[in-house]
Every structure is written in C-alpha cells, then in structure tokens.
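Encoded as structure tokens, the following chain is the form predicted alone, with no partner shown.
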C-alpha cells in the first residue's frame, strides 16, 4: 500500500479541527485507511542516516498514512482532506468541470515518430492557480506518488508540468535521434544533448531508475513549443525553461505514455486535486490533442458515469439489513453520490472522475461496507460449512517441529530478510552465486536480500546468546527464497530445515543422529545406491557439512 506523509498541523487546519493521535487513528480506520506511523523529518533521517545527519532537520510532526493502492485520489493532502470531509458529511463532493478558454485553445500535436516509443499523450491547463510553499510541495509530491504507483515508475505514464506563461503554443510531441535533442534540463546550468544527459543521469540516484525505458531506442521522445523550446524529454526530465515555481499562475500539464487509459486517469487525478486552488474552483481549462491520423480530442475528460446496484445485493454481500435510502447515504459519504430510483430497491450511483478504482459492482459494495463500519457488522455463523484441510507442506512442517523438540532442540524464528554479507561473504560465497532476491530500496544494511539459507539466522542467534549455558541446540524450519525465471514473480519459496549444535566439543554425532532420525521419520533410507541420502564434504567456502538428499526430484529442498 502507498504511504502518504502529511504534516499534522496542516492536515488539522484543512480539516477545520484538531484530533488526538488516537482519535485520528480511529477516523482513518473508519474511512478504510491506516495511520501507519507518527514521526518527523528529523526522526526519519536519524533512523536512516544517524543523529549527525539529522541535525537541523524539521521537528514538524508527520502522519504517515497507508492508503489503498487503487485510491489515487488519496495520494495527496488535498484529496485526503476532501475525502474525509465528505465522509464526515461536512461538505458535499465538488463537481469538476472542464471549461473552454476565452481565447485560443492550447494544442498538443502528436507526430507519427512517437508510435514505436510512447505513442499516447494527453494535456490540460490549470488557469490562475495560487500556490503556497505547502501547496507547491504537495503538487510535486503527488506527481512522484503517481509515478511510483499507477504510472509503474514512469514505464506506462510520465507526467510533465510547465509554467505556461514561459511558453508559446501549439506544442509538438515528437521523437528524434538523441544527438539531435539539445536543451537545458531541470536544475542544470547549461545545455546538453540527450546522449550526454543519459550518461550524466546514470549516477543520479533518482533518475537512473528510469533511463532503461528509452536508452536503447533509436529515437527519444521530446516535446517542443512553437519557438522550439524543449518542455520535456519524457519519461526522464523536464526542461529548465518552463519549470514551475511557487509564483507560477498558469500550468500546462502533459502526460505521455504507452497506456492511453492510465494517462487519462493520471491527468484527471492531478487536475481534480489541484483545481481547488484555481481562481474558479474545480474548473479545468481544456487542451486539444491532435493525433498522427489527423483526429483530435479534448482533455481532460473528467467523465462522470452512472452505475445501478440493487440494495438487496449490497445487504447480502455485506451481511447487513439496511434500507435503500440508508445505503444511498452511506455511498454518498464515500464520494459516490447516490439516490434510490425505480422500484425503491435500485440505487443509482454517480462515479466521479476521481474514482477510477470503481470498475465493478463489488467495488461499490466494498465502499458501502466501509461506510457502514466493519466493526458494526454483526457476526453470524455461516449457513453452510466446509471441512478445511491443512496444507500438506505445513502439516509435515508441524510434525517435524514436534520431533525436533523431542530430540532436545529449541526452535528459533529469524527474519526472512538479511544482509548480503550474511549469505555470501560470511559463508565464503560470492553473492552472484547465491541466486538471492535483492530488495531494490533497502532501508537498512541488515535487510538487503531474501535469505537463501537458514544458517545465518541460527548463527546470529548463537552470537546473541553466548552467555547462555552450553550446549545450545537450535533449529529452524522455514522458507528461503531463490530466483526462478520460470515463475511469474521471478522467485520461488523452498521449505528448509537447519539445525545447529554449539558446544565446547564438536558434537558431530549429535547432528548426525538428528539427521538419521529426520530421515527415518521421512522414510528416506541411507545409501546412495538405494536412492536415499548420503553425507558428503561441502564444496562451499563455509567449511560446514551438508547433506545431499538424492531422489528423483532434484528441485526438492
């Protein structure tokens, strides 16, 4: 779930009242959200980089709120406040309108060269907007949240926002050879060609993650105004010429990508969230997009649509008994304006452009359940029953746990994540040979990869308990994770058993006896000729013994 960080005082000011931490936590739960953490910028930096780096950082209290991944309208302070205010019935849901400009409409012309790179683009204008520092920061933060979420790290959609007063339309979205594109990018002092920029950004911690999207393409996408000024080179960087600031009054927004539907959703979300600060609230100036085939469309769509759901269906699915009128009221609180029509059992729901997550009747039922309150749903025994069976692997695991304990070993539970050193360097192995699954953005050095063996966890446990009386007889039976290109997620779990005997004497016979007992329980005979198990010297650098279990299925752990 995405996490939205908002300043507590700013949030309470927008909500028009203050809450205790407990009260706001309860409000979030009622609305289907979760208050994940109460922290500050200083505390975050202190945890990640130490107290020295945190010196001088802000002490302003931050609320970190987990929101559902498909609720793009809650990814910023503006949408969050609007949703909560409608939920508490303090305001009515605003109506978003697309208006035509008084003068000439802004045009974005797409050329056919973009077809094989990023063929789609949409655009809109926020006219006479008033920013403050906090509003501006929220505007930038929303773009980043959308990039990481629905935009799939800019692979599907990239957002560009520009100071319209520094540009001259119409705009052209085309594709050119990297050597033919030259402009001054955001936060740089001189012009670079696209080739030079790609080399520069390979060391940029933020932008290097997006370079692969276009770096191997013969042509790079680029947007120009009528004077040849570069607005952006999507999905990498905007031009410095049209950068927006707190003093920007008119914003031209363009979204380019490979998914037309998601580009339209992203544009709708941005303009609906921040049209609140326009001179004419909740109005968005239209822009015309001309496609390579000569056809044109006007954006943003800001489309409202209506769905019909029967009240008895909602009652049945949620497990409640509410009148259609009450159900319509509950849905209205969830930003879904509803009314009872027809035979008195039909509810007509208006889906606003901010609720792209509503695609089926079950989504409407879920919102009704949230508004009703999960804790208010009466628990009842189901009218039918089934007999569940334990997953065979878990059943075997539980049986082995009992027998391991009966053999005098104590079970430990360790983290599934560990450092690269734990599974490689400390065991005398090369990290590339471990087939480990790496975390792309580890928060600490202790949790960089998924474990490929249970041994480091047991050794850490022994290290932390050296003052305990000897011997220490420990075991763990749990999953490890190995890269596997044949699976849809690129990795696979294997259930492993690991035991350690720690004493002043080697005690190899203890582990040997335990191994024999386990194999006896699993009905695996000793001896290679019988297709059973044998003990061989390890070829790894850890100088530890390992058991090779010979059987017909080499994939078995």
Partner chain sequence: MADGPVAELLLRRLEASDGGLDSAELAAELGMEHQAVVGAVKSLQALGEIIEAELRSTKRWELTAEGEEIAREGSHEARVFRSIPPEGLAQSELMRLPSGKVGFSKAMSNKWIRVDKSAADGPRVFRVVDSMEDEVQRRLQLVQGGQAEKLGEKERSELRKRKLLAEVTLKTYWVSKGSAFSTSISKQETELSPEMISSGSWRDRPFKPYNFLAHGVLPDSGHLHPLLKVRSQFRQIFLEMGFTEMPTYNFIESSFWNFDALFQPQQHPARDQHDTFFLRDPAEALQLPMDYVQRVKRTHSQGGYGSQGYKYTWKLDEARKNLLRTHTTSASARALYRLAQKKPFTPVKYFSIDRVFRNETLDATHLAEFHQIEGVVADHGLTLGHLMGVLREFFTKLGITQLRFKPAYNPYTEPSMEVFSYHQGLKKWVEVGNSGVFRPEMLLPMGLPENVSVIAWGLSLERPTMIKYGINNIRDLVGHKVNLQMVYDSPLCRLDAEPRPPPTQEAA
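Small disclaimer: the values here were computed from a predicted structure and weren't measured. Positions refer to the first chain, counted from 1.
Only in words, not in the display: the form predicted in complex with the partner chain, which the text now covers.
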**Request:** Would you mind picking the one in 303, 359, 186, 99 that has a heavy atom within 4.5 Å of the partner chain in the predicted complex?
**Result:** 359
**Request:** Have a look at 307, 276, 141, 322 for me and say which one sits with a heavy atom within 4.5 Å of the partner chain in the predicted complex.
**Result:** 307
**Prompt:** Are 38, 84 and 455 jointly within 4.5 Å of the partner chain in the predicted complex, each by at least one heavy atom?
**Reply:** no
**Request:** Please determine, with the chain shown alone, which of 131-139, 337-345, 415-423, 173-181 has non-hydrogen atoms within 4.5 Å of the partner chain in the predicted complex.
**Result:** 415-423
**Request:** Please run the contact check for residue 46 against the partner chain in the predicted complex: heavy atoms, 4.5 angstroms, yes or no?
**Result:** no
**Prompt:** Closest heavy atom of residue 162 to the partner chain in the predicted complex, within 4.5 Å or not?
**Reply:** no
**Message:** At 4.5 Å between heavy atoms, is residue 68 in contact with the partner chain in the predicted complex?
**Reply:** yes
**Message:** Would you classify residue 247 as touching the partner chain in the predicted complex, given a 4.5 Å non-hydrogen atom cut-off?
**Reply:** no
**Fill in**
Checked 6-38 against the partner chain in the predicted complex; residues with a heavy atom within 4.5 Å, sequence order, are 26, 29, 30, 31, 32, 33, 34
